[in-house]
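To begin, one chain is listed below as structure tokens, in the form predicted on its own.
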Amino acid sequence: MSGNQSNVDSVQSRRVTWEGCSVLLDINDGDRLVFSRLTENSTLKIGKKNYSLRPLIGCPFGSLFQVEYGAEGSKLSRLLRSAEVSNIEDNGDYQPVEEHRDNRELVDNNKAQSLSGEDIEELRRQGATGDEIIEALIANSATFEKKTAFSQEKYRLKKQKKYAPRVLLRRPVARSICETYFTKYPARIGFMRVDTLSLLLSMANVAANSDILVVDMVGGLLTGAVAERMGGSGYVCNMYLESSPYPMDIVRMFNFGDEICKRIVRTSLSDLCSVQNDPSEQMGHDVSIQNDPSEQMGHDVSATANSSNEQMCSHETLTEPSGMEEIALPSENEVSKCKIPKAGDKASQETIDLWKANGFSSLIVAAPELDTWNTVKDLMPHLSHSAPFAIYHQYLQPLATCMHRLQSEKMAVGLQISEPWLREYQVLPSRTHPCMQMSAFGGYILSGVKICNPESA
């Protein structure tokens, strides 16, 4: 009973921000997206001024903040929706109003506004809020009443973004992180769109109590999305085929707890293949080493050197910064103070032996820089029979070649190459239509099910 109560408390505590957590700040309804880590000294630059993010600590995700002006200067203050606004937004009985006005007689000659910049600065010095400045601009506009209702709404929104910017506090989850990276830096996630990411998880049958083998060369986005869906049950094995692990800095933005971070492990392909040798050969090798103490000493020294080199290489890769300009990465003092959980420890030998005996339940590959067929050929033996797999690539030809080889060698069934397609719509009263700018390409996914081929065994 106490354990269930603690789980409920931990879930409820995740609904509000805390010091040291990662957040996604949506400025002016998607005009600018910023990742940040909430600390006492973290700031956000809006326009030419820096605003402290301290008021955001302890607020629920989804809270809306607005820049307010006062005697002590401007700051971010939480904006609470009134009951009237809530009733208007929740009311679905919208009746279109017949419009008799149009904008054909409006001339843009910069003479319609009688309020000057000096007057606006004087209002700010007097402590006027952003909404009061907007109302003053509307009252001093000679053409506002002549505009259509839609034009008036656009005018209000434009002035609100300039004089009363708003910041929406969003929770960084797989969807929001993928959308933000795809909008700002798509090359860092291999040009993977959010619908492609969701299809990868579905086609690989990612669920709780699974052991998922992941080759993630998209910054850790795939690893974090798999761990988020599994919810702390099962293991996510981030495998690397080279000498050093692939960076997965994006995982830190998911705000995972200790239980989920412990389920995200790393291992190399050589470590997983080394345990598959014949036990009798390994036993004979151990006996020969015991008979020759000098050889044993040399073996221990070489093993220690290799282990130290591997740890040094891994440490350099993990501490490499992600390079995103608008991510406030924590310093060493902040990490020790906030106790941010760390994911990506090396898998234990016991866990590796378990994977060797039972195999992984599914495979997901997102490695645009590697040869697709050679990578899949090396990883397929580590899957259990009838295990699904999903492979993402930006281009079609590598997946077509891999699909042909899998068919010719009878390694999988149910092979298909999918091309995700997504179209975003603007949904507004009397103005619902597809967005003017959208992505027309989301990559390709090769999916299938591994089978046991007696001829190749």
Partner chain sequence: MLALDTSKKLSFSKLIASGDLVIVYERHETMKAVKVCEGSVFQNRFGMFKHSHWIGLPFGSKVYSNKSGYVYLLAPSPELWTLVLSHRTQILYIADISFVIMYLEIVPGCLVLESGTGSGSLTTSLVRAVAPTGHVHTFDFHEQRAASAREDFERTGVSSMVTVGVRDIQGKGFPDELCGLADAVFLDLPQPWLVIVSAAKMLKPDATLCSFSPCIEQVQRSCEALRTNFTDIRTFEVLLRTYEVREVKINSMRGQGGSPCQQPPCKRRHTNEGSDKQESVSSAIMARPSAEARGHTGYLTFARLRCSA
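A quick note: this is a predicted structure, and the numbers were derived from the prediction, not measured. Numbering follows the first chain given and starts at 1.
Unshown form predicted together with its partner chain; subsequent notes refer to it.
Within 4.5 Å of its partner chain in the model of the complex, a heavy atom is found for none of Ser52, Arg188 and Pro341. Just one of Glu135, Glu179, Asp249, Asp378 comes within 4.5 Å of its partner chain in the model of the complex, counting any heavy atom, and that one is Glu179. Stretch 204 to 212 is the contacting one of 106 to 114, 149 to 157, 119 to 127, 204 to 212, since its residues have non-hydrogen atoms within 4.5 Å of its partner chain in the model of the complex.
Although the partner is absent from this view, Ile27 stays clear of its partner chain in the model of the complex, with no non-hydrogen atom inside 4.5 angstroms. Contact annotation: Leu199 falls within 4.5 Å of its partner chain in the model of the complex, judged by heavy atom distances. Contact between Asn358 and its partner chain in the model of the complex is found at the 4.5 Å heavy atom cutoff. Contact annotation for Asn41: none of its heavy atoms lies within 4.5 Å of its partner chain in the model of the complex. Shown here without its partner chain, the chain has only Arg170 in 132 to 170 lying with a heavy atom within 4.5 Å of that partner in the model of the complex.
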